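To begin, one chain is listed below as structure tokens, in the form predicted on its own.
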Amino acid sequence: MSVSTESLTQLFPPDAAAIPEAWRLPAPLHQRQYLLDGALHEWTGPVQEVISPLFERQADGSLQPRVIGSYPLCDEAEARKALDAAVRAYNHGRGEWPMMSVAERIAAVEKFTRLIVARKQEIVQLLLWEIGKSAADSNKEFDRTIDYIRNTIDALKDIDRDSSRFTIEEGIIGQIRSSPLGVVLCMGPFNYPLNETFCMLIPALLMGNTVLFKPPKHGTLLHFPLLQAFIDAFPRGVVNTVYGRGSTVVPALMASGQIDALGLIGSSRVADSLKKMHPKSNRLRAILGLDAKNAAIIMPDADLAVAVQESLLGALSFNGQRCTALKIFLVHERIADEFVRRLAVEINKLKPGMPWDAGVNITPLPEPQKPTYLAEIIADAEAHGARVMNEGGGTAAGPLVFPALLYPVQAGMKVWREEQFGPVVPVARFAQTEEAIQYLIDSDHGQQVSIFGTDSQEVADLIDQLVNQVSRVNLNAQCQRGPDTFPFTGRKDSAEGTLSVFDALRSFSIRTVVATKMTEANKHLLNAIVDGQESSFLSTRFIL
């Protein structure tokens, strides 16, 4: 299709009849309840309207924002009540939840999983409408989340089985297990509001922590169907929601000094400010997934067919709104022009449209300010000598922006360093490999890199240098988080702590030892405790 503002505008539905029945919202969801201390409480204060990026096309061709619901804008007082409930439920590690056996906590999470699977259709529908994620990807996010929960349970069983024995060293006998940290403040991102939130929340719960859960600004309503499941599956006060503007409700939580762990996927700027608010910095454990400016280094001998296809996926899956997206391409000057030519052709094969459209690739952006920002960085690049290389690149209709391929980009342009987090694809040239390596050395970020090349010696040399700059090197493949069993972290301003099925369990807990000298009296004491199953912690019970 020829890309123009008019053609993009025509992709928005004029009325409900133009929307497939399976994806029509029955009615706006005006949420007035929040979860506090094991019960749903009614909110009568101010609320935040939820504007869907899926605008409605008017008869005159204009686009009208569509309100799909609202949610509570709770205040500092309500946030403190949520904190008090979580603190009471933890009770210095003596509460019902942290004192439970691992098997009992697993059973509760399994019950929770069954309850939310029954609400899948409702959750996926809200996910599509709130952030504009395609129907296929919305379903995939839900399914991947359920798989993550089940895999995390299996990983915890493995950890617990390995811990269900005594170690004897230097005349000391001990058992090493993991204990909870305390109260966790969990804040997920808008781009994967279910999956990445639960990648923190579920391991935090399984390890015995109590949780304050603040939904992201975009992607809030989809968590409402989960609230009753939290009530039905977990003891009172174990999970509490914190609704409201982050600047209003979060500072008081951090300043209280009662948050023991911060789980945040967002910006390094926000993470830095929140950590500074905590009065006991040495007590606070931070598990953070932050900014990234992942680069692709494309060597002169790269298989261009592979490089172009992986670059397309890496740069523009879910509109490039992924922390793992490829956000800049460093291409050897010998093949740069050809790479750009081929990539421009492939970009213009992408299908823009609504999330329910079959085969759609580019959908409306949920952040209201994002189209303006993208236009600014495109204009800045053009002012400094770059050009938009694909027909219609950067054209927008309301929140729907067609991808722009910028070339050649260079130092001094905003897009050279800033994380665009949207459908803008910057390509730069390099003459010497050292230039590409230096880009990563100078970067504030260090999450991942992709290397495209076929010369084993050159690739090996790049690997050996770049593993000390980023936390994952991808060979002839896009950057990505999965599989979830692989560690997911970053260097510099890109992360703190490690998330994965296994590592997240470690991140939200602390290794704890019960030990004694190897005397007959002590062996008798340990045997009595274990044989009588008198302790949930000191135990040789085996979870199957």
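Note that residue numbering begins at 1 and tracks the sequence as displayed. Given the structure is predicted, the values throughout are model-derived calculations rather than measurements.
The form predicted in complex with a small molecule is left out here; the points below concern that form.
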Name the residue from Q480, S500, Q31, S507 that puts a heavy atom within 4.5 Å of the small molecule in the predicted bound form. Q480
Residue within 4.5 Å of the small molecule in the predicted bound form by heavy atom, from K370, R144, H218, R105, is R144
With the partner left out here, check for me: in the predicted bound form, does some heavy atom of K214 sit within 4.5 Å of the small molecule? no
Do T324 and the small molecule share at least one heavy atom pair within 4.5 Å in the predicted bound form? yes
Contact between F452 and the small molecule in the predicted bound form at 4.5 Å, heavy atoms? no
With heavy atoms only and a cut-off of 4.5 Å, decide whether Y243 touches the small molecule in the predicted bound form. no
Of these, 435-443, 189-197, 229-237, 123-131, which stretch puts a heavy atom within 4.5 angstroms of the small molecule in the predicted bound form? 189-197
